[in-house]
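Just the one chain here, laid out as structure tokens, in the form predicted on its own.
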């Protein structure tokens, strides 16, 4: 029988949604964003039926769960997805000098070097030995261009790349996502969503994809490959992103029997040597086979190989100081921290715009922390 990890309901790296019995008060910024979920038909976007209402519902319920968890814990409000960080590190993002001409758009200025913060995390699990999605969120600083989020305020110059260690998601539309979350909430596990006596309600492909999404072998966050899963505009062309260790990905999955082995592996790695990723872009070459609205479809790398456009370098460092950990937990990562040249595409990304804004705003309010995009590698108050 297919088995799923404990806490599966909140593992999604794509939507920060969890269903709760009541809705939290709406955040004004998020409510405004809900009215701005426009689609770009020329890039293959198609709005789902009642999309804005569904997205608003997900955002309200995600906010309610976050508020309820905060009240129950009586302490710091944690992210509702990817709450456990293995490490938040300083890095550089350098664009290749020989980047192809059609990719010299927005952030991808040939030869440009940016400072960056990178957070590695689990989707939902506190124990690294449990099956889970793993995330790599890159915040590149000093990026010029017109912004996508009005809530960033003047002066924000960041570009976030939000990546996961598997290339496809397991649900292809927002309506199914809501039904999946409701099933988990009311019945305690997702099995009855995937399996049913009614043949019309079977989701066997989704079950297989969910299993793949949460069972990728990992020994060290710095030696795993990551993908954007969803698609993005690169000027007027849909693309996907990937970050691959410069020496190749370790797919052995070998690790010590320790609940925090991934963070320990990062510390040991960066105590002795730098880490490096090749950052690549995959062009959409066949829209029918590479849809922007369905994150369950893998874009064939043989038909359209990922093209290296830059390098992410994480220098040797220590990163577990209290000030740095607090600083990093107050950061917000969203694919909508970007310029118009890199607009996120598809309903999943459109939902993220609203859900991330709602949950981030609420989390920062509950913690009494300002929402500020960083502009340097300096940690306030020291590391």
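Numbering follows the first chain given and starts at 1. Predicted model only: the values in this text are computed from it and were never measured.
The same protein has a further form, the form predicted together with protoporphyrin IX containing FE, not shown here; the description that follows concerns it.
Taking 124, 224, 158, 230 one by one, only a single residue has any non-hydrogen atom within 4.5 Å of protoporphyrin IX containing FE in the predicted bound form, and it is 230. Proximity to protoporphyrin IX containing FE in the predicted bound form, defined as a heavy atom within 4.5 Å, holds among 281, 137, 234, 218 only for 137.
Residues placing heavy atoms within 4.5 Å of protoporphyrin IX containing FE in the predicted bound form fall in a single listed stretch, namely 115-123, out of 271-279, 253-261, 115-123, 239-247.
Using a 4.5 Å cut-off to protoporphyrin IX containing FE in the predicted bound form, each of 79, 352 and 355 places a heavy atom inside that distance. None of the heavy atoms of residue 93 is located within 4.5 Å of protoporphyrin IX containing FE in the predicted bound form.
Contact annotation: residue 348 falls within 4.5 Å of protoporphyrin IX containing FE in the predicted bound form, judged by heavy atom distances. The closest non-hydrogen atom of residue 333 lies within 4.5 Å of protoporphyrin IX containing FE in the predicted bound form. In the predicted bound form, protoporphyrin IX containing FE sits within 4.5 Å of a heavy atom of residue 58.
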